[in-house]
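One chain follows as structure tokens, the form predicted on its own.
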């Protein structure tokens, strides 16, 4: 009187598909997008103020750098 234990996996059935290819593609996309977002945050953090200064220096009434950086 031995009984068999059958374990059913949770989630979608992978019968007839290639889970390793789908999994690796989604993992690569996730890693790539995470890397891109992190780099974009760093570039935005350190590049925003210099960009504003360059835009201000190229405006029509040419201000000096001290006029751009002074609060008044």
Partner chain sequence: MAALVPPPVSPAAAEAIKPEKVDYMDLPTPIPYEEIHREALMSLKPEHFEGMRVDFTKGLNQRFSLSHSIIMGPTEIPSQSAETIKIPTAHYEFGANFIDPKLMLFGRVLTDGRVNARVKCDLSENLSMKANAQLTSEPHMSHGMVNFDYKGTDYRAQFQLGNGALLGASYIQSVTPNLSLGGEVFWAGQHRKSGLGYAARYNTDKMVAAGQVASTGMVALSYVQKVSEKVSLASDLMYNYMSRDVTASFGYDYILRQCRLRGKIDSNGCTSAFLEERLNMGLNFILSAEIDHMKKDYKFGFGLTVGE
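Positions refer to the first chain, counted from 1. Fair warning: this is a prediction, and the values are worked out from it, not measured in the lab. Between two forms, the rigid core is defined as the largest C-alpha subset superposing within 1.5 Å.
FYI, the form predicted in complex with the partner chain isn't displayed, but the following is about it.
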Evaluate residue 44 for contact with the partner chain in the predicted bound form, applying a 4.5 angstroms cut-off between non-hydrogen atoms, and reply yes or no.
yes
Tell me, yes or no, whether residue 59 is in contact with the partner chain in the predicted bound form, where a contact means a heavy atom of each within 4.5 Å.
yes
Even though the chain is shown alone, can you say which residues of 45-72 have a heavy atom within 4.5 Å of the partner chain in the predicted bound form?
45, 48, 49, 52, 53, 55, 56, 57, 59, 60, 61, 63, 67, 68, 70, 71, 72
Once the core is aligned, does residue 64 move its Cα by at least 2 Å between this form and the one not shown?
yes
